[in-house]
Every structure is written in C-alpha cells, then in structure tokens.
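Given next, in structure tokens, is a single chain: the form predicted on its own.
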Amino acid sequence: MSVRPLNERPLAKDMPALGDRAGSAWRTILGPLERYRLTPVIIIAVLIALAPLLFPSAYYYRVAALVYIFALAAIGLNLLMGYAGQVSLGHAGFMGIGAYAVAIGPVHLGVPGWLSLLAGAAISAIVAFVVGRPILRLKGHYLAVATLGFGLLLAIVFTNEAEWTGGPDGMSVPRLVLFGWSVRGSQTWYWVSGVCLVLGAALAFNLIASPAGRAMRAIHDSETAASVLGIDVARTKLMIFVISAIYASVAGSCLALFNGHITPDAADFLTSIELVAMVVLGGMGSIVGSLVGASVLVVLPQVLTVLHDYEHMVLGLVIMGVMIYLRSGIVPSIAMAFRGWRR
C-alpha cells in the first residue's frame, strides 16, 4: 500500500466519488494555482480592494498609492537580488529614465503620456542590456560599485541637462490621458497603481515558476554549478537585469505621473538605497516581502512625524531591530516561525 506524504494535495484519481467530471474540474481549478502560484497574487488583489474601507481620508489613498508604486520597483529589484543573487545599488537610475520619459515625451516631443511610458520602459530595457553585458561579469562588491557608478552617472545627466530635464528644480509632468479621460487624484491613482502592482506580482510569480526562474535560483546558489548543469549564466543574468529595469522604469513613470512633477532626486543614490532596504527588510527571495518592505519604509516615516526631531533616529532603530531579530527579512522569518509552530 502506498502512503502519500501529509503535505501532498489529493489528486482527482484519489477522489472517485466526485466522478470524472468533478475530478477534471478539480485539476482545472488547482492546476493554474499550483503551477503559477497565483494564490499570493489573489490575496494581494483582495487586500488592495478592501483596504479603502479602512481609509478615513484621501490622504491614505496617496500613501497607499506610493506603497504600491515603490513595491512594484522593489519586486523587480528582488528578482535581481533575491532570486538571481546580483546586487544593484543604482536601480533608481531606471526609475529616473521612466519618470523623465513621461515628462520629456509630452512636453518636448509631443508624445502622449501612455506612449511615453512604454518608450521609457523600452529605453530602460535597452540601456540595461547595453550596460549589463559588461558589468554583470563582475561579482560581489565589484558589481555593487559598478551599478552604483551607473546610477550616479544617470543622476548627473538628469541634473545637468537642464534644457530637457529642468535641472535640479525638475519639471512638471502632464497628466496621463487615456481615451479622453484625465487620470488624476489620489483615489484614481490608488486603483491604477494597485492594478499595476497586481500585474507585476503575477508576472513575477510566473517567471519564478518557469524554467528561467529555476535557472535564476541555480545561479544564486552557485554560478559554477549552474554552468555545469548547462545554464547560460551570462544570458540569464542579463535577462533578469533587463526585466528588473523595466519594473523600475514603469514604477518611475507612475510616480512622476502621480506627483505631476519630477526632480533628479528620483534617480539619486538615496532612492536606490531605499529600494535595496525595501527588498532586504521585506525578505530577499520573497515577492510578498517586497510589498511589506515598501509598506514599512513608506508608511513608517508618515507615522513617525509625530516625533518631530527624533523621527529618523526611531526609524533607524526600527530597521536595525528588524535586521537583528528577523535576519531573513520580515516575511521569510514569519513564514519560518509559522512552519515551526505548525510542526
């Protein structure tokens, strides 16, 4: 007699009482959820749909929209760092490309905002492809410094090209217009950014469950072993670098369109560090952790404003406490504790 492991789900053939038709329906329902891991995406979508019930004012819509936008960029960075094991300290540069694309396109070139967003994503992909080929040959802190230099270079370009970017003061960003409808207001952008986040999370989970995702995790564990197994290490690292750049670019475009104004600060070093902190705090190798990390670093400063001069000190202490007691990040540490409690 065969014994099925306790954690194995029942198959349709183990439930003859349901009949062939019911068994087929069981496989139809569970198949996509099991294969593409859509359950966390559904949970995120439900939370986004229900969260406004707890918002007492429009200000909360704005904060939540910022959480979703930065979470989208953090998901892309998490794919690069948490799954492929490649460090980037200049990822805000791609956010800057996307942000200035939706500003320069309509103002200087007469290109519609939605087309400028797509153009910014395409430009970011091309830049990531060109830059990634040489710098992804580096490893460890050498790669970190190279990406840092890339981010600083883009920030300098955005600051100095005042004729196109407005210089240090930045430039205004025309409102996004879709089918004659002007997308404006915190509540509207709450839903737009929420939809973008859900789509980005779904694509990320699909990528992780694909052969390319398994190749990424193999590279994260050991590039030498992955190469021995027949994985094209250079091609896989370049692919995920380009994908993460597209995530950051779309997030940057949404941020600029949402605020209606953009400055070089969107692409500076501190923004890149914030993105890395979101990934590390939430949990490397956790898509849900990217959302949690973004929530902590966007919401917590708003809560700590009541402390006035001690705001940054308390924020630093909270981050230090999380990294000391939840070393794997918030979501992975809680998940491991929950699995231990169940045992």
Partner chain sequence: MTSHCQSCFARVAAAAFALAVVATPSAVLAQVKIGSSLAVTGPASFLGDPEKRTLEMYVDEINKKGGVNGEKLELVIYDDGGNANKARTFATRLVEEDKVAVMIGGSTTGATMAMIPVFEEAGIPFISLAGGISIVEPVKKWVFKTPHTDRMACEKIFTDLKRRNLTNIAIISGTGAFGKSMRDQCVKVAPASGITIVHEETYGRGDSDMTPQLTNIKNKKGVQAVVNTGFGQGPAIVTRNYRQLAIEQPLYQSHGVASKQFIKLAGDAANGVRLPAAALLVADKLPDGDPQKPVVTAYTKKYQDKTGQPVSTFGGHAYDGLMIFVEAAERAKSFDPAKVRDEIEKTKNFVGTGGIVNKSPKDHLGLDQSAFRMLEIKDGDWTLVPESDS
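Positions refer to the first chain, counted from 1. Quick caveat, the model's predicted, so the values are computed rather than measured.
Below: the form predicted in complex with its partner chain, not depicted.
- Not one of Arg133, Leu136 and Leu199 comes within 4.5 Å of its partner chain in the model of the complex, counting any heavy atom.
- Heavy atoms within 4.5 Å of its partner chain in the model of the complex are found in one stretch of 241-249, 100-108, 157-165, 85-93, which is 157-165.
- Using a 4.5 angstroms limit between non-hydrogen atoms, Gly140 is distant from its partner chain in the model of the complex.
- In the model of the complex, at least one heavy atom of Arg184 sits within 4.5 Å of a heavy atom of its partner chain.
- Taking non-hydrogen atoms only, Ala45 never approaches its partner chain to within 4.5 angstroms in the model of the complex.
- At a distance threshold of 4.5 angstroms between non-hydrogen atoms, Thr263 is in contact with its partner chain in the model of the complex.
- Shown here without its partner chain, the chain has Ala51, Leu54, Ser57, Ala58, Tyr59, Tyr60, Arg62 in 48-62 lying with a heavy atom within 4.5 Å of that partner in the model of the complex.
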